[in-house]
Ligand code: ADP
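Okay, here we've got a single chain as structure tokens, the form predicted alone, with questions on binding and movement later.
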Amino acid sequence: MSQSTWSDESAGVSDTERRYWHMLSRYERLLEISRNLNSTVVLDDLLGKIVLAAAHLTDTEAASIMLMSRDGTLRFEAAVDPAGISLDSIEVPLEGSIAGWVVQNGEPLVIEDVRNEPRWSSNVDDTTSFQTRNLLAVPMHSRDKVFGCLEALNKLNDADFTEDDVDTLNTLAAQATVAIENARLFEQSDLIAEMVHELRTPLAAIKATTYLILRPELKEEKRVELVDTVRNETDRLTRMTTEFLDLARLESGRTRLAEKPVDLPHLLREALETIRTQANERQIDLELVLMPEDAVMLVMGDNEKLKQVTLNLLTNAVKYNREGGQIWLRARLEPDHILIQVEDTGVGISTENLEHMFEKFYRVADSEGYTSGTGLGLAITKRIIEGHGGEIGVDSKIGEGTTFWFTLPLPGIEEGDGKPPTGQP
């Protein structure tokens, strides 16, 4: 059938019939999208698919999703507009915002012109080239509680939102809720399974050691040695469970990073002093290098978490360094970010190991061929830096040393603008 013939025939179709076939087409797409969502278990991928589906199904220019975290805050988790998909976690106020109203009241809301809406905030629009004209927001319900808000923005061709749009977005929100809960359960169970597996090693060592300690023929010197083994493995278990909880909170969004001014040079000096005794035991020289030396290096972030990152990298640099080696802690001011580097003169890391450095529970053998630690430190470090809008990486050469680096955006720079340095180290 030619296009002209189809146009002639469709001219005789009533508005009711046209609306019926359009609605049927939408629900067919909803079924297809539902199958797609439920087969996605990676949360970031899932959020991206949800906002794409929301914009597509409602014939809008953009869409976004906001979720409640366990600490009771509403966070902007994903969005799509003509510029692409964004997966930034930004806090949204519950009071005085459209999404906050939808979450608190559990009802959909249509705003035909945001310029006439007192609850509308242009903060997001002000940082992008996107301009919101109208929007539809619906609540996301889970177990009789509202845990999020799904929005569709700017109806194409300046059309008005319809009841079909509201019904469609409500249906998608319900499907998305199930898919998000499944993805979170999958991530949680996967992490717990890894944790249980890792706990078995120190527990097995403790069990075997306590059995040997009870042997009557055991010499006292050996008994003291075994007691030390139990103590060391117990300490390892304590560190592992503490770091596991820390990582789980970061991955679930339950840990809120502070956003306060941080004097970076002061933080770096404190971190160096903290590990100086440990470095002195191995005659390792520590040096702080600020570039430029008199630069004001102020970032917005969580002082304690950033110090945790720096200490973790410095501790590893001491642990995997040579006796009498050196460690340089560098901070360099760039146009839109600060680059921090921890460089050591250790044995280096192989290419094979480099690929896995930030994976959970991955450990590299030390200079004597033993693996120690929990294998969670660098995974936690990566989460903290990404939570600050920065990036982290590592460069290394066998026999020459290793440089871990991370970036922190300067105040006023959007998250994710911290670029990895070139020409490392």
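These figures come from a predicted structure and were not determined experimentally. The first residue of the shown sequence is 1; numbering continues from there.
Below, we refer to the form predicted in complex with adenosine-5'-diphosphate, which is not included among the displayed structures.
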{"property": "adenosine-5'-diphosphate in the model of the complex: contacted by all of Val92, Ala99 and Trp120, heavy atom 4.5 Å", "result": "no"}
{"property": "Touches adenosine-5'-diphosphate in the model of the complex: Ile275 (any heavy atom, 4.5 Å)", "result": "no"}
{"property": "4.5 Å heavy atom contact, Lys155 and adenosine-5'-diphosphate in the model of the complex", "result": "no"}
{"property": "Contact label in the model of the complex: Leu376 to adenosine-5'-diphosphate, heavy atom within 4.5 Å", "result": "yes"}
{"property": "Touches adenosine-5'-diphosphate in the model of the complex: Ala78 (any heavy atom, 4.5 Å)", "result": "no"}
{"property": "Residue (of Val347, Met300, Leu237, Ala279) lying close to adenosine-5'-diphosphate in the model of the complex, criterion heavy atoms within 4.5 Å", "result": "Val347"}
{"property": "Interface residue in the model of the complex among Ile385, Met357, Leu46, Ile65, criterion: non-hydrogen atom within 4.5 angstroms of adenosine-5'-diphosphate", "result": "Met357"}
{"property": "Stretch in contact, per heavy atom within 4.5 angstroms of adenosine-5'-diphosphate in the model of the complex, of 328-336, 223-231, 161-169, 315-323", "result": "315-323"}
